[in-house]
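Quick heads-up: it's one chain on its own, the form predicted alone, in structure tokens.
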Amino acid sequence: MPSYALLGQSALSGVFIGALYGLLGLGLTLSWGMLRQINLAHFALVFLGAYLTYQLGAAGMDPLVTLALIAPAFFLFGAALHLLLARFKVNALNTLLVTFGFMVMLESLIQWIWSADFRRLESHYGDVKWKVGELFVPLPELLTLALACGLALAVWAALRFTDLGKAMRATAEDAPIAAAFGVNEKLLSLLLSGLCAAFAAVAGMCLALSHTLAPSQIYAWIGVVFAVVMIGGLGNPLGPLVAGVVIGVSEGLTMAVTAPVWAPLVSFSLLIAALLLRPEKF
């Protein structure tokens, strides 16, 4: 049986990786649940954002400041991608195939520019950590947790309490009826798609702060983030964060008690249970 200190550190690490899962799933759950687009290109955008953060950080720019350049550019890309999908009236299933093509193209672009070698962002954030009792709290992971919670809560509050958010929810529920009441469906869809891509930029920055990068790792994140999104509920900004923390802590404790090879079984076991117990949600 592992020590209590190891179990506590594993649970804390699970919270941090779960926050990253939730941040990765935020844009995906909104595009899937509200725009009916299963956007696999979201994962490639996250890694492109991570590599751009790495490149700008290597040039001396603070990783957090890089978002001022990357997030607006990604917003425009997300809006342009939505225009393309809407122009050709791509249905939900076909968006999976079309955006998979974009994901492969972006992965090839990343590999062409930065090669397939592993890259690691060296920043002053990585040198900062605190000891709380017997637990270590690294600053990059703490920033990821703060950004994930802040963005998820902000999006939830905006969708629930603002007129813009209510219009977005009405459009997702019944676009023709919402349009009949004066809601500009096309403009709201462009805005939401752009925001989803901007959230990918934030997730990419957090990924670069705490993880080693390689283009092939894109596919390693798809399965668990899909599980987080589906368990958390489509279109629910808080759902992926809560599901991500549950999965992250479960994986961390599983690795501490048994072996790392058992960790992937946790997320997919939870996904299967969610699909069996509440199939009406999907």
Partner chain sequence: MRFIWRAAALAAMTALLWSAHAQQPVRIGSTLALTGPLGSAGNIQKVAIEVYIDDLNSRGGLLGRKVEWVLKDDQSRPDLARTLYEQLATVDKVDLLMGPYGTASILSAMGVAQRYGKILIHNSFGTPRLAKYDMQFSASGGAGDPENVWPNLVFDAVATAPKPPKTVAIVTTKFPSAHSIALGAREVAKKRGLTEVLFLEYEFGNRDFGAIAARVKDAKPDFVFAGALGLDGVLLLDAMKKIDYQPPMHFYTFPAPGPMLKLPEAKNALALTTFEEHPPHTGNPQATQFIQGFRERAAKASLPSTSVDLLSTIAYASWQVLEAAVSGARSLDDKALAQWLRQSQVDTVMGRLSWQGTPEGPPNFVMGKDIYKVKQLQDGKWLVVWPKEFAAPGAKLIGP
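Keep in mind the model is a prediction, meaning the values are calculated, not measured. Residue numbers count along the first chain shown, from 1.
This next part talks about the form predicted in complex with the partner chain, which is not shown.
When the partner chain is placed as it is in the predicted complex, which of 131-139, 150-158, 194-202, 180-188 ends up with heavy atoms within 4.5 Å of it? Partner-contacting stretch among the options: 131-139.
Taking any heavy atom pair closer than or equal to 4.5 Å as contact, tell me whether residue 258 reaches the partner chain in the predicted complex. Yes, residue 258 lies within 4.5 Å of the partner chain in the predicted complex.
Using a 4.5 Å heavy atom cut-off, state whether residue 6 contacts the partner chain in the predicted complex. Residue 6: yes, in contact with the partner chain in the predicted complex.
Do residue 69 and the partner chain come within 4.5 Å of each other in the predicted complex, heavy atoms counted? No - in the predicted complex, heavy atoms of residue 69 and the partner chain never come within 4.5 Å of each other.
How about residue 252: is it within 4.5 Å of the partner chain in the predicted complex, going by heavy atoms? Answer yes; at least one heavy atom of residue 252 falls within 4.5 Å of the partner chain in the predicted complex.
Which of the residues spanning 95-131 lie within 4.5 Å of the partner chain in the predicted complex, based on heavy atoms? Contacts from 95-131: 111, 115, 116, 117, 118, 119, 120, 122, 126, 127, 129.
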